[in-house]
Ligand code: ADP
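Single chain ahead, by itself, as structure tokens, in the form predicted alone.
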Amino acid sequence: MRPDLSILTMAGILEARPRVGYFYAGKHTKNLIAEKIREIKVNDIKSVPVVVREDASVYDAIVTLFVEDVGTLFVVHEDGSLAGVISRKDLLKIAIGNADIRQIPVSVIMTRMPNLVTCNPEESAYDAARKIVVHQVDALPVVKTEEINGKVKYKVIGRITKTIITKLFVELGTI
């Protein structure tokens, strides 16, 4: 029976005290999983961002999307700060039309600030997942806020996607 008690203690369901013994900690297993998800930071699970410059053509963006095998591209200014986001749907809409996609810059079709949803590296994985669900997006840019010449700029340092969140939940389910 001792190994079972140690597992329940490690899981946080039981607590152990000298001269008292084992007792129920009052935590439900669902609460323990929720706590674990809230402890994991975006910085711990983010992946490398895939970016294009705002003067890149729509054609170049489509090529980048397929070469990098991603669903969302982050558009950056010359200084590397976040300018916008382009999704597969945005690229599909423009490519289906009769436009010359080699001549159109991505800045014409991207979703711009302040209409972007971002997350920072210190947010919890839960908060990032909630933003993805609430705003119905496929990916979030992970940004670091910088103030340059009195203007707030967002430096893209990573990305969080539906796939990353799903992998995290699968990993937590196997613990």
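Sequential numbering from 1, following the sequence displayed. Since the structure is predicted, the reported quantities are computational estimates derived from the model, not experimental observations.
One more form of this protein exists, namely the form predicted together with the named molecule; it is left out here, but the text below deals with it.
- Among 111, 120, 124, 57, the residue placing a heavy atom within 4.5 Å of the named molecule in the model of the complex is 111.
- With the partner omitted here, the stretch from 145 to 153, 111 to 119, 34 to 42, 47 to 55 that lies within 4.5 Å of the named molecule by heavy atoms in the model of the complex is 111 to 119.
- Interface membership of residue 77, defined by any non-hydrogen atom within 4.5 Å of the named molecule in the model of the complex, is ruled out.
- Residue contact with the named molecule in the model of the complex: residue 68 places no heavy atom within 4.5 Å of it.
- Remark: residue 89 counts among the residues lining the named molecule in the model of the complex, judged by a heavy atom distance of 4.5 Å or less.
- Among heavy atoms of residue 94, none comes within 4.5 Å of the named molecule in the model of the complex.
- Taking the named molecule as it sits in the model of the complex, the stretch 132 to 148 comes within 4.5 angstroms of it through a non-hydrogen atom at 136, 137, 138, 139, 140, 141.
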